[in-house]
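This document starts with one chain, in the form predicted on its own, laid out as structure tokens.
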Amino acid sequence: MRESSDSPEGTTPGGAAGRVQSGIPRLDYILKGGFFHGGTYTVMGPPGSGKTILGNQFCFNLASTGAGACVYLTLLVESYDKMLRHLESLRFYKPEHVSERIVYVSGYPALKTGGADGLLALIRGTLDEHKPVIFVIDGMESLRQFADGEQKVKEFVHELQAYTAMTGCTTLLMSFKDPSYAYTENAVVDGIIELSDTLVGPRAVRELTVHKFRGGDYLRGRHEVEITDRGIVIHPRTEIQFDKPPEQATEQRIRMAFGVKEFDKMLFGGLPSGSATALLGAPGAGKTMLGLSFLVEGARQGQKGVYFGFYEPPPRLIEKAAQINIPLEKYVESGQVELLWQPPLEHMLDSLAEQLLEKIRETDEPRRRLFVDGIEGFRAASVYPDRMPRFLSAFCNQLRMSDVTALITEELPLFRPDIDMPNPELANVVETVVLLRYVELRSQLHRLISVMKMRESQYDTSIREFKITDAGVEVAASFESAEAILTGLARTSPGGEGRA
């Protein structure tokens, strides 16, 4: 699918079409193979966006493979010794590579005394001596301070590009993004990569955008960026990664039961394998318990399952399941069911999708089950809400391609008589929609369950009463009890508000 390893394995200067891979998780995937040998690329962005980390990470990853030398030239006033001290906390940093495989050079004195021509002479001498595979210039904004206008900057980059292309050295030009600069050199470089660090409401968001990549295709648009102890980690947009999905799997589909006798009868045996189902309901309607029944029934049949939730940590989930006779703990301990809990932090949408899809792909066993408890957790992680329809479509399609039968809950408002889905697009991308709702009758709350739609399959359209007892999840054998509740005796709650 894409790079998923944190290690720089496979980071060689070779590769298809003369590429050099950065080893930065998923950057090479966005560039569809990595940078070109001998290419010159501008990496621009504001302070704190990760330019210096990206350049050093590239060099250390390459040095770890022993594929060649790297030269890192800084035009910043601060010494590179201080920069290296800041890198010591990052996992890619290996002090043994410094001076041996990665040569750090300060270009500021040559630039200050000799201008652009003096700097170019220093660069030529350094590259002739070390013959690097990668050359990084950090602090291109300093060049502008000493160069005689934008034309001189463009000429400098043109001469540098001609020299490094001849030697096959791939060059990164790290530049501060300033709206007052014309960036005329961007017309001659082979690629432009922008790192941004902006506020979206109260949230700080880092992103990467490839604006230009001469000679090759790439994934367009903005992609999430994290800076962790691994360095730069990039998460390509889910919907563009899978914009051309493979054909639908053609293997024989089977029914995936919930282990709830009467509900399975309503579904004519269960959900079709490799399908996605939306389970709608207000808080406390029983969505989580029904979803856990689905996973445990699969485990009984030898099918692996994954719980992916945002609300309750695993110990509490296991305890609640045990209270209604769902032996979740047994199958968690045996490894048949895995519980993945997302603490209530600021998540990133594509990072969540990657985590889940990669966990699923750890095993190629057929007929796997997935229970996503709270699609609103994905919605909250989205910086751009208008992405959700495309994201959900791509995400669900990848689950189908992996022969995963997915059950996804959607929280409905507690005190609303009508059904108003926060993500109406979810109903369009799933094959099945199941509704759990409350009805109040004579000061008692009753739960009802119904199948709203089920594509390409038979199902029972009746509304049934739904109960959660000490013995487990139960669905009435007929519609009669639900009919009694829904006859003229059903009423709204005080204040004119009903329960959906």
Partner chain sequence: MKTVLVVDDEFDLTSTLKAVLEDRGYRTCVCATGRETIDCLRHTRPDLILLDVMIPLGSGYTVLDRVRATADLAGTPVVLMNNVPPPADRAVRWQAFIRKPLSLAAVVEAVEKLIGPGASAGREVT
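Residue numbers count along the first chain shown, from 1. What you see is a predicted model; the values in this text were computed from it and never measured.
The discussion below concerns the form predicted in complex with its partner chain, not included here.
**Q** To test your reading of this chain, name the stretch in 97 to 105, 406 to 414, 202 to 210, 255 to 263 whose heavy atoms come within 4.5 Å of its partner chain in the model of the complex.
**A** So the stretch in question is 97 to 105.
**Q** Residue-level contact is defined here as any heavy atom of the residue lying within 4.5 Å of its partner chain in the model of the complex; does residue 315 satisfy this criterion?
**A** Contact with its partner chain, no.
**Q** Looking in the model of the complex, any heavy atom of residue 112 within 4.5 Å of its partner chain?
**A** Yes, contact at 4.5 Å.
**Q** Decide whether residue 364 counts as a contact residue for its partner chain in the model of the complex under a heavy atom distance cut-off of 4.5 Å.
**A** No, residue 364 sits far enough from its partner chain in the model of the complex that none of its heavy atoms falls within 4.5 Å.
**Q** Consider residue 85 of the chain shown here, and say whether it contacts its partner chain in the model of the complex, taking contact as heavy atoms within 4.5 Å.
**A** Yes, residue 85 sits close enough to its partner chain in the model of the complex that at least one of its heavy atoms falls within 4.5 Å.
**Q** Which residue, 80, 341, 181, 218, is the contact with its partner chain in the model of the complex, using a 4.5 Å heavy atom cutoff?
**A** Here the answer is residue option 80.
**Q** Given that its partner chain is left out here, which of 149, 424, 284, 125 has a heavy atom within 4.5 Å of it in the model of the complex?
**A** Flagged contact: 125.
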